[in-house]
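Single chain ahead, by itself, as structure tokens, in the form predicted alone.
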């Protein structure tokens, strides 16, 4: 896509398909968490609901943005004017800034849950640092993935400790899912087509495991 994305040409559209499925998984988790929250009014399930709503919308925006730019690219048949290029890059940047903002918001909520943060000052510090990361990621994309990886590492650590304590299949599935999400962000740090594909596959596997978790818990 004119060098906007590190995705190789043969992978165009496939990553968007992954993200649409991921959106459905995240919406399912949000709805499931909300149902439990309605009965228990537990803070954890409230945070989970908001977190996965934010993450689901982030992936939806990313998928729609990439598909829009991809469709425009095909129609142009590689003949690009300066005006068209400016339009496409504006769409891509706006979509991806929105995606990063919502995704980081979702991770912040999960981090608050994982670390049991109740101090508003601590929350504000995390939010400010995240905003700075998003601003800098406009020109330096790896910054966004570095911050995401740090957040996911601590989220994974929480669920890993929970899995060791409970020793149930469902708790292990959640820990594995967040471990894979953490690893995927490490892959995305390197702006290389093969690393990008590897990261997308690992990330998608992580969310498929989460969907399996939802099926098990629902039963």
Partner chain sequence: MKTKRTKIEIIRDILSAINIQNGRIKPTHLLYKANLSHNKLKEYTETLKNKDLIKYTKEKNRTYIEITRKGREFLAEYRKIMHFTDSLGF
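Quick caveat: nothing in here was measured; it's all calculated off a predicted structure. Positions refer to the first chain, counted from 1.
Beyond the structure shown, there is the form predicted together with its partner chain, which is absent from this document and is the topic of what follows.
Contacting member of 27, 186, 36, 64, with respect to its partner chain in the model of the complex [4.5 Å, heavy atom]: Only one option qualifies, and that one is 36.
Contact assignment for its partner chain in the model of the complex, among 105, 149, 88, 114, heavy atom within 4.5 Å: None of the other options qualify; the answer is 114.
Residue 158: touches its partner chain in the model of the complex, heavy atom cutoff 4.5 angstroms: The answer is yes: residue 158 has a heavy atom within 4.5 Å of its partner chain.
Its partner chain contact in the model of the complex: residue 32, any heavy atom under 4.5 Å: Answer yes; at least one heavy atom of residue 32 falls within 4.5 Å of its partner chain in the model of the complex.
Its partner chain contact in the model of the complex: residue 45, any heavy atom under 4.5 Å: Contact with its partner chain, yes.
Contact of residue 54 with its partner chain in the model of the complex (heavy atom, 4.5 Å): The answer is no: residue 54 has no heavy atom within 4.5 Å of its partner chain.
Among 6-14, 207-215, 194-202, 19-27, the region lying within 4.5 Å of its partner chain in the model of the complex by heavy atom distance: Partner-contacting stretch among the options: 207-215.
Three-residue site 40, 162 and 166 fully in contact with its partner chain in the model of the complex at 4.5 Å by heavy atom: Verified in the model of the complex; spot residues all in contact, yes.
Interface residues of 172-191 toward its partner chain, as seen in the model of the complex [heavy atoms, 4.5 Å]: Contacting residue: only 174.
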